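Shown here is one chain on its own, the form predicted on its own, set out as structure tokens.
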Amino acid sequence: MRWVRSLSSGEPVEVIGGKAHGLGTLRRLGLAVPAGFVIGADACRAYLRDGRLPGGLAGEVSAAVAGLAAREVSVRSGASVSMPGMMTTVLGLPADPVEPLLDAVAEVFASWHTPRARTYRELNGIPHDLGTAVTIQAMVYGDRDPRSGTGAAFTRDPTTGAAVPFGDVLFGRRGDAVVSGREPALPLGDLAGREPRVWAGLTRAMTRVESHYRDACYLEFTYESGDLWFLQVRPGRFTGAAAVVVAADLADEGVIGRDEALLRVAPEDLRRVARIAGPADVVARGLGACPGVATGRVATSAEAAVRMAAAGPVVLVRPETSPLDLRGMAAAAGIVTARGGPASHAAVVARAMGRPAVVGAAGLVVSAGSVRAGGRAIPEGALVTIDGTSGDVALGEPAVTTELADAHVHRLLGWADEVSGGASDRPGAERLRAAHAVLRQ
């Protein structure tokens, strides 16, 4: 059996994983991707079954690494379904000799069964027997010199759906610093003034990937000494009001039809348009990372969130989140972090779980059992409300509005009116009628 595949093989996502599949797409679109190869998910399943790397894999990896002509490589997981931050990643590994590289591959395979990965799959209905592919690529360095950096970008704003580039950038740093949220990231637009050539390449890439996927997209990138490289792409998976806006705008632009626009709006998206309304005792303000409003008691650790959730809704408040916080994030009604941006672990996982979230709340200091915000001490257990669109964190339970007085919603409503009386044998007719009913509420 052949275990190693080319990134340009075009094989199904079930074989080479979502990361490698996206990298192959980027290459076909003419975008710069570091040289690399992928070990298919079938090798992971064999490893999990037998407790060792499958026969023949070492020779294939050795030959593939020799073809990269790279001194250092990255080793990243890539299941067919996105599992952000749940499995091991190894960066900057010596490529020769190959033995440490094979050890890293085994480590990534073994991380498929870590408690956090199993929990994430259970929460999201992902089968435990899929296994993960592993992508190995030549390293590119965002910390190489003053003309290097890294970032994560959405082709549209994931909170509002507005058609503007949105995301995080860090100058002189590696990509893991952006995703972890442990360093304060800068707005993506700051890249335009600092590296205009890189910015131009990034915005051109955004246009290409949106055209290919026919949807808002997410990109990870690094630029080294002024040269731009892409490390990941996938559809943006927006929720709430952002999903409504993107669906309507793409239909208006002729990218998708009106029927498809309605199919892309789930009933849950319409329920996540809630906003804090009227006077509110706002104690902190950050970036809205996932739309919706959540009210609950403050929990300052994952363990506290799980314990307190048995008695009612909680809001998990952390300096930043990591995969170790997953159970607490799942138990919480909403999530707040002091650090991180729209591409941080907290933001990405919150959107995947549909939890309202606020990240990068300036002036928020989180310690065991209490939070300080706006010069005020907020004890664990205090009632707070967060707005995942505006980024507000307020004490108590202020008034909330779910008013859908928005031009995009009204356009979708009009389209739903047009199709709701259609013949029952139309493709997706039942789903369209369901969308129509929700829009009419």
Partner chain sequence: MFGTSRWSEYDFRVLTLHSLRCAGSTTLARLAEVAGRAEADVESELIDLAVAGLVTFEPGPFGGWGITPAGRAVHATWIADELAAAGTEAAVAAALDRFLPLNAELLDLCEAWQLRPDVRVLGLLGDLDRRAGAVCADLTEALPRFGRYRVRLAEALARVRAGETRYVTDDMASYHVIWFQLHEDLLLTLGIPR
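Since we're looking at a predicted model, the values are computed, not measured. Numbering follows the first chain given and starts at 1. By rigid core we mean the largest C-alpha set that fits within 1.5 Å across both forms.
Here the subject shifts to the form predicted in complex with the partner chain, a form of this protein not shown in this document.
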Does at least one non-hydrogen atom of P323 fall within 4.5 angstroms of the partner chain in the model of the complex?
-> yes
Can any non-hydrogen atom of V244 be found within 4.5 angstroms of the partner chain in the model of the complex?
-> no
Considering only heavy atoms, tell me if A294 and the partner chain come within 4.5 Å of each other in the model of the complex.
-> no
Considering only heavy atoms, tell me if V349 and the partner chain come within 4.5 Å of each other in the model of the complex.
-> yes
Partner-facing stretch of 162-170, 324-332, 98-106, 137-145, counted where any non-hydrogen atom is within 4.5 angstroms of the partner chain in the model of the complex = 324-332
The one option of S111, S370, T119, T89 with any heavy atom within 4.5 Å of the partner chain in the model of the complex is T119
Could you work out which of R264, R234, R339, R285 is the residue within 4.5 angstroms of the partner chain in the model of the complex, going by heavy atoms?
-> R339
Does the distance between the two CA positions of L202 reach 2 Å or more between this form and the one not shown, the core being superposed?
-> no
Taking the rigid core as reference, does G288 move its C-alpha 2 Å or further between this form and the one not shown?
-> yes
If we fit on the core, is the Cα of T300 displaced 2 Å or more between this form and the one not shown?
-> yes
Given that the CA-CA distance for S111 and P342 shifts by 3 Å or more in the model of the complex, does it become closer or farther?
-> closer
